[in-house]
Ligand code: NAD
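Quick heads-up: it's one chain on its own, the form predicted on its own, in structure tokens.
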């Protein structure tokens, strides 16, 4: 079948290439983590579809690139308007496809999809400029020129929002796009393609190739006609992408997850600290930015642990369609096995499972109970490697210097959260904290104009605001002589 109906929403499950639906001979199942049922059979692309999509994007590039930012922006605003008119359908599709909370999709995630498109369209129209400056009487004029075809490969934890975080600036820059959505949650990408087409986005400017990484993703990253590659995912896969890109010297932007700390200093407001720590269970722990390592100063550790345990016991886990649910399922049985494997190995290493640590079988096969691991040996896997599930660890420290060393003690550096009652102390602590984004007495406050990316093995590059355009566009400087004009 070429379509699927999910929660009353009909979505075409074929690829979107050059303004047309393209079927593959093979399909793969999209399984809902809510109850483990197959909700769609999706075209399974390979090299032929990947090459066709890049060719379509390359053919559409000259006309799209020649449009002014205002002309492109007008089209992108129509795309955003059509997305906004279908937030409920997108929310339903993504909740059934990846198990994230329906209320979050309605109120936050899908409105952010709209914002991603509008913000970057407006930025290109109004803010993408640099003051002219002189060099020995000569005038320097800086521009951001479209670079070509951008390949965007996105993860399953927030597939459409994270895709449009890249699609928005790429299209606003004048690039054309080929998107490879995650095979575990592909449906909203296909629905987005339909909405963009209905809003007047020209054929070939945006393309979707569905399938598995080795079969569909690899041919995209190996294609010499690609000008930019954006990838969000694991470090091992990023290395494969980087090797392919290096063959053709294609610039890459990588966001590779993290093992972020939530540092709670002994002058912190304990109630605030507990609430911020509980937030790290958001989306069943499937958040790259999550501060899963709770680092608590010893003077307040006992009081914090008691309050945290009391608060964690109140978390409601259940069907993500229920308004009262706070934590839903994990994405896929393979991922459930991965997360529980981390928990089992932590126990084998000598750690203690303070609570949780198992699948909530009363709800189904995909629901891992919120888990806290304590007393893990320093340097052990559970303290250093990304779990990407509802699993937090807790460690204690004496001095701020020791806390800083613990916070910086992994190979990752994506984000961090610091809780303190003293502004100067917090500033001193964050000065040497290695992370792309740090929140002090807050969490998950994001502005699209702010730089986003990771340090160390959490990624390469920064995106957001001007940083996005610096990546997707070719930045050019034209120098004009002061005389000789007629």
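Positions refer to the first chain, counted from 1. Computed from a prediction, not measured in an experiment: that's the story for all the values here.
Not on display, but discussed next: the form predicted together with nicotinamide-adenine-dinucleotide.
With the partner omitted from this view, the residue of 111, 148, 213, 356 that lies near nicotinamide-adenine-dinucleotide in the predicted complex is 213 [heavy atom within 4.5 Å]. Here is the short version: of 221, 262, 253, 371, the single residue with a heavy atom within 4.5 Å of nicotinamide-adenine-dinucleotide in the predicted complex is 221. Here the chain stands alone, but in the predicted complex its contact with nicotinamide-adenine-dinucleotide, taken as any heavy atom within 4.5 Å, falls in 176 to 184 among 345 to 353, 176 to 184, 113 to 121, 136 to 144. The shortest heavy atom separation between residue 240 and nicotinamide-adenine-dinucleotide in the predicted complex is within 4.5 Å.
Of the heavy atoms in residue 169, none are within 4.5 Å of nicotinamide-adenine-dinucleotide in the predicted complex. Heavy atoms of residue 452 reach within 4.5 Å of nicotinamide-adenine-dinucleotide in the predicted complex, making it an interface residue. nicotinamide-adenine-dinucleotide is not drawn, but in the predicted complex it has no heavy atom within 4.5 Å of residue 192. Contacts between 290 to 322 and nicotinamide-adenine-dinucleotide, taken as any heavy atom within 4.5 Å in the predicted complex, involve no residue at all.
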